[in-house]
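Presented as structure tokens, the chain that follows is alone, the form predicted on its own.
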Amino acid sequence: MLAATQTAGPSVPTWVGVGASVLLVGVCVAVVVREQLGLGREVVVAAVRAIIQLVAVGALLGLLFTHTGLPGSLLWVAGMVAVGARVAGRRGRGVPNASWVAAAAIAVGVTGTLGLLVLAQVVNAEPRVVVPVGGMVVAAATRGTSVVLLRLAEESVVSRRLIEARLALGLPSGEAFAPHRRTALRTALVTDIDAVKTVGLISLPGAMTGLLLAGVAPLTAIRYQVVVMYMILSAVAVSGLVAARLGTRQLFDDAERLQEPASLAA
């Protein structure tokens, strides 16, 4: 189960330490100003927004864990799914009804992946576990869905003549678009597959790093990271597949004709 016993006190910066880390933002601002990139204001705004948002979320999670229990945690995850659907829908706006497609894809990916972890008792059905693990799953599903929808929209424009040629030969819309659907899904998966291949060799991933900083034994932290990597693969694969299938259907009208680029961009 994803429940750890600390072997040492957690290494957590004090608020004074957090204040000192502002110097790192100053380094970024100095580089931006020195190179005349015109991003100084954006860096400052981003840094201020980050701490305000994190403090607000931290306070909300404290209330969530204390007063709402598991139902509130699941509602929080559902909210994250809604936000992810909006983000992915904007990325794939060239696909008709992209936001609804994204919502369905992310919801299926998150429900399947998180549900399997809970049912198999890999993670505890507790708010302090469901919310952070659910957040990682939603983030992975959103990323996979965004890539798939973006690639579907691009393929429908760039490869239009090939698709219409297959349609003219009598292939149904699904088969005519199948090579491009596979390309979209492959693109969504390849980055995470490469990350799994190189995990631990190039960098220590975030979950493992956080556990090590919290004093968890390295071999225990590794078990956590293996579960995290595998659940990310699952979330990307399932949500990407659903997005690819549903998105492909949206690209064609009832007569199985590929919709015009102008309508796709609307």
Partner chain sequence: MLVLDGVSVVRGDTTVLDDVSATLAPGRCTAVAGPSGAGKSTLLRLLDRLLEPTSGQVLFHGSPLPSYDVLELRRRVGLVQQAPVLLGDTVLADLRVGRRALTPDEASELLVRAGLEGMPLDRGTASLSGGEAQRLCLARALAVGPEVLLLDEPTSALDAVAALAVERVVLSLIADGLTAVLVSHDLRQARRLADDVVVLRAGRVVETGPASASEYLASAS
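Keep in mind the model is a prediction, meaning the values are calculated, not measured. Residue numbers count along the first chain shown, from 1.
Although not depicted, the form predicted in complex with the partner chain is the subject of the following passage.
- This chain is displayed without the partner chain, yet in the predicted bound form the stretch 154 to 162 from 131 to 139, 154 to 162, 91 to 99, 70 to 78 comes within 4.5 Å of it by heavy atoms.
- Under a 4.5 angstroms non-hydrogen atom cutoff, the partner chain in the predicted bound form lacks R249 among its neighbouring residues.
- Proximity of L167 to the partner chain in the predicted bound form falls within the 4.5 Å heavy atom cutoff.
- Interface residue remark: G115 is not counted as part of the site for the partner chain in the predicted bound form, having no heavy atom within 4.5 Å.
- In the predicted bound form, A255 approaches the partner chain with a heavy atom inside 4.5 Å.
- Though the partner chain is absent from this view, in the predicted bound form it lies within 4.5 Å of a heavy atom of just one residue from L150, L171, A103, A195, which is L171.
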